[in-house]
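Encoded as structure tokens, the following chain is the form predicted on its own, with no partner shown.
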């Protein structure tokens, strides 16, 4: 990141110029339209050692742009969308930073027997050079909260005066290596995952890339900002290497910290886009946490029934779609959830619902007991 005099722009931290690629579309708008139509991007795939097909969400190869490794092309497609939504190039702006949120990066290199090329800092540097991104990349790799945490980190960097503009990106691929790991944990659903459904039985994996710019300078965006960052927080309950806390303690602390940072009460939240993996224990933990937090009034959904769990990219891509939906006056149904009787007190969205609310709480939870939450105003 270049050093230069501070940008004189003041005001709230805003997000703009969103870009993403998901199994349902090559942009936020395309993905949202497919989700609004009720489409599911999870497709059955045969996998060695499994009796039945495994449902996985994979991005269309035609959506990947540029050259180089597949992971670079996937991320590049999202970043180029973001660059196209800016009035000035980030390459020419001083005090600009960029963050990569990922759990695996170019994990295919590991599968191909080149573990050194799979190292996250090396992958980030190579990708930054290939895409012409400014400065030295900051890698956030904190299990499945990486994307959400990266947004919070970007905002904190601006608040602390360490940067004036931050490009936040997220990426993960659904490769055989990743899929085999979750199969070994017996965590994969028997069909497409059903977050917050009474009969949920596991997760579905997906892949995605996403990008967004955080700044105080609204003139940087060709079409204006899409949301204001209000607050963020994280909490770790260190309950188990892969199992969430039964009391939801880490998530409770993360949300409390985010609301405190935003100077809001739980009653001010009008929509919760949850982690919602579709596993028995994760969704049960979120139910406990949201009940403890007094969020029963806020409609809850998960997007993983649409395109799967996109790991380190999940928090970012899901936040972008949720904000886009709120700007359309909508909260999308939690696909796969038809009955949520056992989650008493939780207002799970079984159908799309219109809303006048614009205050979004986005939560993420991950292995090792890590949890993150951000509050955005769409």
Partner chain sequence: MKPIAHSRFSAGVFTVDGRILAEPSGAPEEALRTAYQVLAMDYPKFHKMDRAAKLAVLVAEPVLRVARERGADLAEATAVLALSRSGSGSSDMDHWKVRQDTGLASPAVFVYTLPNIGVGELTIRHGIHGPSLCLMTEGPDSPESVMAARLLRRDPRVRWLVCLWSDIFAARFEAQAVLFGPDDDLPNQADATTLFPSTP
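Remember, it's a predicted structure, so these values are computed and weren't measured experimentally. Residue numbers count along the first chain shown, from 1.
The same protein has a further form, the form predicted together with its partner chain, not shown here; the description that follows concerns it.
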| query | finding |
| --- | --- |
| Touches its partner chain in the predicted bound form: residue 239 (any heavy atom, 4.5 Å) | yes |
| 4.5 angstroms heavy atom contact with its partner chain in the predicted bound form for residue 249 | yes |
| 4.5 angstroms heavy atom contact with its partner chain in the predicted bound form for residue 357 | no |
| Residue 257: touches its partner chain in the predicted bound form, heavy atom cutoff 4.5 angstroms | yes |
| Of 38, 44, 345, 48, the one that lies within 4.5 Å of its partner chain in the predicted bound form (heavy atoms) | 48 |
| Candidate from 289, 213, 274, 149 lying within 4.5 Å of its partner chain in the predicted bound form - any heavy atom | 149 |
| Region of this chain that lies against its partner chain in the predicted bound form, out of 189 to 197, 296 to 304, 71 to 79, 114 to 122 [heavy atom, 4.5 Å] | 114 to 122 |
| 32, 59 and 202 each touching its partner chain in the predicted bound form (heavy atom, 4.5 Å) | no |
| Those residues of 180 to 208 which, in the predicted bound form, come within 4.5 Å of its partner chain by heavy atom | 180, 181, 182, 184, 185 |
